[in-house]
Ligand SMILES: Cc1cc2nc3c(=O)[nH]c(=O)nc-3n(C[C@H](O)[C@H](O)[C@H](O)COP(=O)(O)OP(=O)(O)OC[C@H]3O[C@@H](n4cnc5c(N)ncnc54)[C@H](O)[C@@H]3O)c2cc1C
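Form predicted on its own, single chain, as structure tokens, below.
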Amino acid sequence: MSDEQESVEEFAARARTWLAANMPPADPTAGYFSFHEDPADSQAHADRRIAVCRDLQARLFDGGFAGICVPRQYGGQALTPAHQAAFNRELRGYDHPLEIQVSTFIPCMAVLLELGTEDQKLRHIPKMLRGEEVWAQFLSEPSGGSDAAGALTTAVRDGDQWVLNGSKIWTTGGWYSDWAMCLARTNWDVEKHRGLTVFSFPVSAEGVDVQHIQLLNGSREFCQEFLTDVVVDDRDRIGEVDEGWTVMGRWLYHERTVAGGSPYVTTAGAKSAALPNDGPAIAALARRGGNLDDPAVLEAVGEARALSMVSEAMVGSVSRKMASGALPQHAAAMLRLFSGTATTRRTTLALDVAGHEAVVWEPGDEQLASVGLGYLVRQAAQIGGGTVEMARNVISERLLGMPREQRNDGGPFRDVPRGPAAG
């Protein structure tokens, strides 16, 4: 191709032809989150799905459709968000490796692109785009909740290396990831936001112990990691020492774009119309139960569909305005807030329509199982990717200019009370 940038229309036509020849159709039963009665079966299914995702990502790379907005020197296509959006539209109906693009592409790759060294970009981003490196976020801690700046995991310098000790929790995909981006405390004698540093290291490194967490719905996607004397080279530090909160500003921004609008993720949205929380799927549940003519049920179907439509329109509008500067980047919190609350509401509507059949279902009935089990973990939609409470704070304080909440954790972090001592 010439140096002249391919038009969005030409790119979309080329993508349409390539997808038809190279990518498999979407399979409603192939998703990573499919339900299985036996946890061992669920684990085996997840293992197979991640392997498929790596293969799909490699296909995208070989076809010239990976990293559409990533510079060419790092393996990308150096095109525009409009090209990525066009590819996403053409991708509808095809399988795609969304499971490994989150958290690999957002926030990890996005952070490296903005704040990583040239060496880090060249070492990691091409492998990310090929599906050879899947990254996880080692961010939340058992004692911290949503207070990322309250990290207790420590990093102590030893010449050109650092030694990390501590624990991280609620890591999506920690067990299948190759590398991790990790926030650690490097200075206890300054205010808590000023003594943090971000590191990266292989999940297989000596001293990293990854343990599954089983949720109410049987899922074991989340993990807790125990770090014991993990040695990290200084060249794998991201950003300046004690300036990790500057990195975190971009990290959290990109994490909030998981709700939509990131130019780095290849996705066609929901992989199947059979998902339990959209209007057509809830109508299918009602049709199955014979109550589609019930006015209350029709109202639920309409509400679910409206929530999905508003979400899609909001992602497009807010993303365009952030890109143009009409809205500050803190506006990503609006997407996070609406996504979390709307997802929880649609899950509740699905259970209301399905009724008792989604409370006790026949073995192997994945449709009803997904409704009932989805309801059990519905609040996760308001926690993962940053809580909706944090999003509300960002909106009120950063967008609306309301007074900040009063804090009681100023001064040197080592002097901040952290509750009763264990034992």
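One rule holds for the numbers: they count along the sequence shown, beginning at 1. Values in this document were obtained by computation on a predicted structure and should not be read as measured data.
Same protein, other form: the form predicted in complex with the ligand, not shown, and the subject of what follows.
- Contact here is defined as any heavy atom lying within 4.5 Å of the ligand in the predicted complex, and by that definition not a single one of Val8, Ser262 and Thr266 is a contact residue.
- None of 346-354, 84-92, 237-245, 131-139 except one has non-hydrogen atoms within 4.5 angstroms of the ligand in the predicted complex; the exception is 131-139.
- With the partner omitted from this view, the residue of Thr117, Thr172, Gln211, Thr341 that lies near the ligand in the predicted complex is Thr172 [heavy atom within 4.5 Å].
- Among Gly145, Gly218, Gly289, Gly249, the residue placing a heavy atom within 4.5 Å of the ligand in the predicted complex is Gly145.
- In the predicted complex, the ligand lies farther than 4.5 Å from every heavy atom of Gly63.
- Residue contact check for Trp179: none of its heavy atoms lie within 4.5 Å of the ligand in the predicted complex.
- The ligand in the predicted complex is approached by Glu405, whose closest heavy atom lies within 4.5 angstroms of it.
- Contact annotation for Glu389: at least one heavy atom lies within 4.5 Å of the ligand in the predicted complex.
- With contact defined as any non-hydrogen atom lying within 4.5 angstroms of the ligand in the predicted complex, the stretch 277-292 contains no contacting residue.
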